[in-house]
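What follows is a single chain, given as structure tokens, in the form predicted on its own.
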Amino acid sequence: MTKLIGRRQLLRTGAAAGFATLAMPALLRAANDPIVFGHLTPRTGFLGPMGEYAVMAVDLAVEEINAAGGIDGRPLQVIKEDSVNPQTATTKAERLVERKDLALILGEISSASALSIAQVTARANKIFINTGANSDTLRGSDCKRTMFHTEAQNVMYVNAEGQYFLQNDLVKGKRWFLLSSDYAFGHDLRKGALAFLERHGGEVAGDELIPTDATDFSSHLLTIRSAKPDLIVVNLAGTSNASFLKQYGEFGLDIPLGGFDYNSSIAWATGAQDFKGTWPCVWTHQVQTEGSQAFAKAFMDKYGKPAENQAYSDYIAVRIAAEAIAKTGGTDTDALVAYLEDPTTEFDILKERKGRFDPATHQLLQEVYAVTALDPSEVTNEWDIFKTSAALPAGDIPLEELIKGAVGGACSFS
């Protein structure tokens, strides 16, 4: 029997059908709309050379993710901006979080800029994955519930490199001369190095803070020559490191040197003749795992040169963020924070051991490496001017050992 439909019901049905018709394109659009990340990193200034590697790695990661079908079928889009200083970083972060479609922000190298971005994203309740700022303070007194770190923190580098210095009799009873960059990164790297030296019975021969725009180190080298230290500890940032190493070579000094921060791009810019010492690093293209070699090859194929450590950190940050969104089924910040800080959540970070975030500080717990400059006579090409150690710490030592002794204060997410 045919059931007649009344006028009121017809209107209700028609209205529902009309709504469905209007809504469907919007739903389809949402399902196909890109997932948007913001990427802030310095591409100019003294950190610019590393920032360029970060951008190349992000482009590669996006290309690979989208070629594999995107995130739950949605394409990934990254909006990239140059954050040349903390003021610019703040302004651009504020502009990005105003976008309704922004999922999260990642990137940065400067510790001061990373803090500025973290403050903006915390207010907006958006995730920020720091890929290049080392300061312990960002994992300590300046930590944020919404901030995570794929870059290793200063104490990890101090503990790893410190073991090398201990093994080579360069600590107990020895005199160190420290040069540190005069901003957040250098300040707490210096504190960490001094604390390590004191714990192991060493002495300070000299301790100087260097402006980030310094290019002439001749007066410092004269002071070092007079002080006659057993080890020169270079905690300079970016292109300052290359300038110092080149002038160190010109002075003809023969004092062991090293430091607690390293970038392959700076070593390459310094060149085989002047690059010296041993340094800690989060990753190099020489890491012999299947995943690392696949990334190194993909980067080389795309750009014609090896990836360096900053490229690695941004590359895995994009992969981790994409995986977290896929696993939680969306971009809800609270769900993403819970997933990322869950100690049972592990990520393939292309190393021997998987990585996981420390729930107390949101630092990615991961292996690091020691990089030692080759004698120029051993160098066979412009990229392999150093050798990379086996993973640190050794496989039977918990990764948590690397974050012991941090100097940045206590973290509270409340």
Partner chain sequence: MVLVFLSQLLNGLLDGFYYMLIALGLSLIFSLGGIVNLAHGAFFTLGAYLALVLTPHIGFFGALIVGPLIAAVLAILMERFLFTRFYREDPLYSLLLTFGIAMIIEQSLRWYFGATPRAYSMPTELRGQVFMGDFVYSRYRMFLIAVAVVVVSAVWVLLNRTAFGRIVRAGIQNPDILGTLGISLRPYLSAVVAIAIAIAAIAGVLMAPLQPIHPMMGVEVGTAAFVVVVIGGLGSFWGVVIAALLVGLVKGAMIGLGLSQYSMLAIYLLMFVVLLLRPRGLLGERITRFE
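Because the structure is a prediction, the values reported are computed rather than measured. Positions refer to the first chain, counted from 1.
Although not depicted, the form predicted in complex with the partner chain is the subject of the following passage.
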**Message:** Give me the residue from G73, G201, G252, G329 that has a heavy atom within 4.5 Å of the partner chain in the predicted complex.
**Reply:** G252
**Fill in**
Of T239, N159, T278, Q286, the only residue with a heavy atom within 4.5 Å of the partner chain in the predicted complex is T239
**Asked** Out of the stretches listed (87-95, 110-118, 145-153, 267-275), which one is close to the partner chain in the predicted complex, meaning heavy atoms within 4.5 Å?
**Response** 267-275
**Asked** Any chance all of Y53, D182 and T215 sit within 4.5 Å of the partner chain in the predicted complex, going by non-hydrogen atoms?
**Response** yes
**Prompt:** Are any of the heavy atoms in L209 no more than 4.5 Å from a heavy atom of the partner chain in the predicted complex?
**Reply:** yes
**Item:** Close approach of R225 to the partner chain in the predicted complex, 4.5 Å, heavy atom
**Value:** yes
**Message:** Taking the partner chain as it sits in the predicted complex, is K126 in contact with it (heavy atom to heavy atom, 4.5 Å or less)?
**Reply:** no
**Message:** Is S141 part of the interface with the partner chain in the predicted complex - any heavy atom within 4.5 Å?
**Reply:** no
